[in-house]
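Presented below, as structure tokens, is a lone chain in the form predicted on its own.
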């Protein structure tokens, strides 16, 4: 066959046609149109928030599709085609400059989102996400409503859980420090309450704890641990003032459990997916030594020392 201009043009068009058929026509013809088990239609407020999400380019940094190989936020459920049947366009995204948001709904209460959208550094000190304070309160509320819908029926259950525990947390906070601390401790399983911090208080350990505190905690709890960080005006109940814990039955185990698992209903998130065990113990000991002025590190009851411990 001679490679004439006609042959090149016709051949190129045929190849292009095959590609379009396989990539566009076949997937469209065989697409799943049945809703998944978590699917529900979005409310008008959620749809407005989705428009704001699209208009501000959020999809450039956040995906909305969890795969079987993922381990991070949202990985409790693998994405299914039936989750997206009403999404036009589908906002799967390809970048995870920020976390995947496909199951974001109910991970945090609404007031956490308000502080986060106004300035992400208020809740995540190392965040590179731009501030969206310019949107104004009403649009941020719509954007929050959309974020809280991500996960559909599953997110509705998580949001309901946040709302239930927020009422409990507010009631405890408004009764005063003694009742508040008692409630906070009672939400920790009894086995954890009597566990001391297994790591000895060392200069290196406190330095590691300080670094973790700067990276994750000071936006809410402030550099001096009094709960007056920049996020404080936007969240209620406000971040915990650590200094009120002294003499009120605090232990390394209580601090560990609440850092690991968060306090649902408040702006305190869980860190079990971001911080491995030693980092949680170290930041807990840093808080105990520097803000509570009371630590049980490396005290009885304890087991065999780890091989590297001094």
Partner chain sequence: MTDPTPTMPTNYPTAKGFCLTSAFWMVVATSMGLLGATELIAPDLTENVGWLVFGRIRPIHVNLVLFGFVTPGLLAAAFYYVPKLLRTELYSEKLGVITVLAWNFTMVFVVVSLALGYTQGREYAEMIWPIDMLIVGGFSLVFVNLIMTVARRKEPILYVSVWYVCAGIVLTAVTFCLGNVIWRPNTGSLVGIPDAILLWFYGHNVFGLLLTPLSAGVAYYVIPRACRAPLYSHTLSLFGFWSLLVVYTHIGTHHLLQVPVPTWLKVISIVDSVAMVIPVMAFLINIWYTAKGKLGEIHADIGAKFVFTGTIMYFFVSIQGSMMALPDVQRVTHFNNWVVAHAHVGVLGFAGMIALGGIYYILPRITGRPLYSRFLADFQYWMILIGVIGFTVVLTIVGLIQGNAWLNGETVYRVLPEMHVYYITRASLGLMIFSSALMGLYNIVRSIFFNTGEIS
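The term rigid core refers to the most C-alpha atoms you can superpose between the two forms while keeping them within 1.5 Å. Residue numbers count along the first chain shown, from 1. The structure displayed is predicted, hence computed values, not measured ones.
One more form of this protein, predicted together with the partner chain, exists but is not displayed; see below.
*Asks:* Of 171, 156, 87, 110, which residue is found within 4.5 angstroms of the partner chain in the predicted bound form when only non-hydrogen atoms are counted?
*Replies:* Of the candidates 171, 156, 87, 110, 87 is the one lying within 4.5 Å of the partner chain in the predicted bound form.
*Asks:* Note which of 244, 59, 280, 254 lies within 4.5 Å of the partner chain in the predicted bound form, where distance is taken over heavy atoms; exactly one does.
*Replies:* Spelling it out, the residue with a heavy atom inside the cut-off is 59.
*Asks:* Could you tell me which of 142 to 150, 228 to 236, 88 to 96, 176 to 184 sits within 4.5 Å of the partner chain in the predicted bound form, going by non-hydrogen atoms?
*Replies:* Looking at the other structure, the answer is 88 to 96.
*Asks:* Using 4.5 Å between non-hydrogen atoms, is residue 103 touching the partner chain in the predicted bound form?
*Replies:* No, no contact at 4.5 Å.
*Asks:* Should residue 42 be counted as a contact of the partner chain in the predicted bound form, where contact means heavy atoms within 4.5 Å?
*Replies:* Output for residue 42 is no: heavy atoms all beyond 4.5 Å of the partner chain.
*Asks:* Report yes if any heavy atom of residue 27 sits within 4.5 Å of a heavy atom of the partner chain in the predicted bound form; otherwise report no.
*Replies:* So residue 27 counts as contacting the partner chain.
*Asks:* Residue 188 near the partner chain in the predicted bound form, any heavy atom under 4.5 Å?
*Replies:* No - in the predicted bound form, heavy atoms of residue 188 and the partner chain never come within 4.5 Å of each other.
*Asks:* For the stretch 48 to 84, I need every residue with any heavy atom inside 4.5 Å of the partner chain in the predicted bound form, listed N to C.
*Replies:* Stretch hits, in order: 54, 55, 56, 57, 59, 60, 61, 63, 65, 67, 69, 71, 79, 80, 81, 84.
*Asks:* Superposing on the rigid core, I want to see if residue 17 changes position between the shown form and the other one - specifically a Cα shift of 2 Å or more.
*Replies:* Where the cores coincide, residue 17 still shows a C-alpha shift between the shown form and the other one that is 2 Å or more.
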